[in-house]
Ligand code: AMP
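Next up: a single chain in structure tokens, the form predicted alone.
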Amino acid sequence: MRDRLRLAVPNKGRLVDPTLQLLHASGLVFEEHDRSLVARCSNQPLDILFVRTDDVVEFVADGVADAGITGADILAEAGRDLPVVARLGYGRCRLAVAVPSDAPVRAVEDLAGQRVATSHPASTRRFFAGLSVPVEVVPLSGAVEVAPRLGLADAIVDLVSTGSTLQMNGLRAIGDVLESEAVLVAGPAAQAERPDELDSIVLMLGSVIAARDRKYLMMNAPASHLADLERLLPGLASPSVIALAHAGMIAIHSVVGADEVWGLLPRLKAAGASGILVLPIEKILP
């Protein structure tokens, strides 16, 4: 068994920047370079391997890396049975079936006997086979969205985030093959031999992800208003209440959902809170 754990991550593509941000935010100290294949963490026994996006799954499955960060769509396409030990909450998109906007096709089943272009041929074949819809899959490595315009296919299966690319190419979605996001996968050998080290990675990455959707609130209020304010502040368990130097005044600390803050602040103010502070949270360990 190696002394240092190996984590494989993509070296190009849409997952690179958010993955590096997550690793640094979790407390790992390392330097990455454009041509570097390995980054050695100085504060943990961990080496980060920068590999082609499509190779992350293979590196983990073959035991070259102990764990890896990749997209759920890439894992599904590879067809390797690797356990997903954490969903990372970024790189969200969907693998969608789309047709030209003026096509008479309204449902996926209407594509029976037609050609479907995609850079995810394995996932596409499984999807249509599961629906008992016979199609001819046309594998492409890129520029999938132009296939109908060029006469290569009648429909496509491609990754969609906002849908703007489909609209720009005169396409509309008629169904979804799968939902995708960045995931952390682990190798079976690493799970058996190094469970504590893998759990540590999951814990630290998860603490950053959990914190991204929360804000820390601090406020002062008359003690007599505590019951009203507490009803507005569920927090992780319950708000923290601290007596202040001035008689009858308290400080209330709580953690709330980031998307709740906009509507919550006026209600807190109306319930008697003052000096309200909204602070970012670096990590949350449940």
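Small disclaimer: the values here were computed from a predicted structure and weren't measured. We number the residues from 1 along the sequence you see.
Keep in mind that the form predicted together with adenosine monophosphate is missing from the display, and what follows is about it.
Proximity to adenosine monophosphate in the model of the complex, taken as heavy atoms within 4.5 Å, picks out 160-168 from the listed stretches 187-195, 121-129, 160-168, 98-106. Though adenosine monophosphate is absent from this view, in the model of the complex it lies within 4.5 Å of a heavy atom of just one residue from C93, A86, A78, L82, which is C93. This chain is displayed alone, yet in the model of the complex one of S26, Q44, N220, T53 has a heavy atom within 4.5 Å of adenosine monophosphate; that residue is T53. Mapping the unseen interface onto this chain, L22 falls outside it, with no heavy atom inside 4.5 Å of adenosine monophosphate in the model of the complex.
Using a 4.5 angstroms threshold between heavy atoms, P148 stays clear of adenosine monophosphate in the model of the complex. Interface residue remark: L268 is not counted as part of the site for adenosine monophosphate in the model of the complex, having no heavy atom within 4.5 Å. Adenosine monophosphate in the model of the complex comes within 4.5 Å of a heavy atom belonging to G13. For the partner-free chain shown, just S180 of 177-206 comes within 4.5 angstroms of adenosine monophosphate in the model of the complex, judged by any non-hydrogen atom.
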